[in-house]
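What follows is one chain in structure tokens, specifically the form predicted on its own.
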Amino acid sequence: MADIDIKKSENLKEQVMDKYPSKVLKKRSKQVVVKNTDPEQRIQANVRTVPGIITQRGCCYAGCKGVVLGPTRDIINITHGPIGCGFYSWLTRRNQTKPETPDGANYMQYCFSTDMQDQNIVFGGEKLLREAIQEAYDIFHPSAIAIFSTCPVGLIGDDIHAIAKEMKEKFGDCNVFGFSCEGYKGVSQSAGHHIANNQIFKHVVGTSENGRKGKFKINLLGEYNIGGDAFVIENLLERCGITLVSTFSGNSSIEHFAACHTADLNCIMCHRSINYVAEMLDTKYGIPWIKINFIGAKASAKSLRKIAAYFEDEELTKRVEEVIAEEMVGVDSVLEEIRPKTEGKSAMLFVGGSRAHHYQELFKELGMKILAAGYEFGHRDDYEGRRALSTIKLDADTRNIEELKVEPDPEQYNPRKTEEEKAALKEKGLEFSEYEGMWPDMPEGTFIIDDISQHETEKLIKELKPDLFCAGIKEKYAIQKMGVPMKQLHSYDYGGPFAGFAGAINWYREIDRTVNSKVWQLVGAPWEGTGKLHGSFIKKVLVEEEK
């Protein structure tokens, strides 16, 4: 597929940036990049949104509760704050779960909130929080209760960690812990991911040895089971003979988190939301990590082969190849039908986490080209790869997030691979602790944009005229009103699953229906087009009759 003209893209960037005041322009121009041939090209990311610009980001609390802890079925997640913040106390991202027993705990359908009122803001809400924790315990008797601070809690100073410790000691059989994830903390929801992972690692990981047994044990990190994605991946792994000890956090339970240190390999899906846990598990327990991607048929096959390569077992490798061959029959059949109808069409992707990168695999399989892509809350290493880590400067927002000091556990540290074994696998092409980022997969001349604004979105749509736009719920309807089909990738618009081979087939059919629908040609304001409005004025004269 031919590259896009770099000069034209640079000119378009100038047109888009022309509307910004000089101070804003200086900042935004570094976050809007046209891919060129320079191998040292950089982007500015993980910086605060300029006030007044309409962003699609979420807050720190949304990242902590809504993304990372939201998919856990047997932890009661209590939002400490006003009920308005309770939007993310409920299940809003279509995370799915399957308890392992018919009577297994599942609290995901509930919305737990302390519902702080004005008097609690003025006089403190610690008493209210104690009562809420006690009530939740009395009703459900859960294994764990998590507490999430919202903005007012951070401002008035309620000590949720002291209360959590107090209630944990009181109950004895219930793990209670808190998250200082006030919405204003950090640049975006990315800060909430980091805070969530830190607390799970401190209070849960390594507290149980009852992990699933198997010959080839892995953890799946950064998969949140939107629309049932995790179910598809779990099925693939099971058919290959690979034991899934824990998923962070799709279809997960606190027991799985507690025993995740018993696995032999960590596989990262969403690098941004979870790389911290992978690094800490490696340091403390000796479990190495690799980057995988189960979005796209080819990517899924590559990921299964990477896992098999790590374990160096002929029987596992053979079984993986058999499963891939079985699945690709259906994939190839559907692609043969669909690809002629999608070949050459274009898309733009601006989604959180790694989705704006991973879903490019599916578009390539359909023969579609990417015009622009970017993250809502990415860091430079998500764009440029982990090679950028050494050049990222520590800023004030990052210092707001606790950095855990992790050392090898004196009893549980057990390197799964020696340095010599890892070096030998690397020689065969298996990279450890590595992510190349989005950059290498973006064609020259395409736009790479961090934290895209509404102005930039509208301008690029008008000029580039994509056949499809992928983003989140907040920008969905504005884009559709421009006559462009919009695929919501945060919660799939009630579609999915889109992971694995079965998910790829679902995606092919859905994109075909979307981009080839004629309804989008009918979208537009009544005054647009060649039609004219006709009308006439009627003048009414009142004549007073003379008597």
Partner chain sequence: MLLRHTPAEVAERKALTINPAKTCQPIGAMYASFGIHGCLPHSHGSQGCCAYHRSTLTRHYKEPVMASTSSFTEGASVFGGQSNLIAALNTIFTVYNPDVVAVHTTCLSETIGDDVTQIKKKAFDDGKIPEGKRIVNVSTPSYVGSHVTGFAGMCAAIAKEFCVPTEEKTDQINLIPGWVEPADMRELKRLMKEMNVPMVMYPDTSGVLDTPMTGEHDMFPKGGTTIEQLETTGSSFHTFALGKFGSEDAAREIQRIAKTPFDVMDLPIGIRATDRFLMKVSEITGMPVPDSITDERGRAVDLIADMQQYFSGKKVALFGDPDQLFALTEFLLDIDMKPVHIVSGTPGKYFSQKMSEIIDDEVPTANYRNGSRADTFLLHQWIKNEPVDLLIGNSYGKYIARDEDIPFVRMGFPIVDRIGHQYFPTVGYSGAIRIAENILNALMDRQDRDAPEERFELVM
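Residue numbers count along the first chain shown, from 1. Worth saying up front: this structure is predicted, and the values here are computed from it rather than measured.
As for the form predicted in complex with its partner chain, it is not shown, yet the points below apply to it.
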{"property": "F112, heavy atom within 4.5 angstroms of its partner chain in the predicted complex", "result": "yes"}
{"property": "M482 within 4.5 Å of its partner chain in the predicted complex, heavy atoms", "result": "yes"}
{"property": "Exercise: N506 in contact with its partner chain in the predicted complex, heavy atom 4.5 Å", "result": "no"}
{"property": "Interface membership of I78, its partner chain in the predicted complex, 4.5 Å heavy atom rule", "result": "yes"}
{"property": "Triplet G228, I268 and V329 all within 4.5 Å of its partner chain in the predicted complex via a heavy atom", "result": "no"}
{"property": "Residue stretch of 468-476, 206-214, 312-320, 340-348 approaching its partner chain in the predicted complex, non-hydrogen atom distance within 4.5 Å", "result": "468-476"}
{"property": "Single option in D118, E427, E407, E420 placed near its partner chain in the predicted complex, where near means a heavy atom within 4.5 Å", "result": "D118"}
{"property": "Selected contact from S333, T391, N106, N414, since only one has a non-hydrogen atom within 4.5 angstroms of its partner chain in the predicted complex", "result": "N106"}
{"property": "Any residue of 277-295 that, in the predicted complex, places a heavy atom within 4.5 Å of its partner chain", "result": "none"}
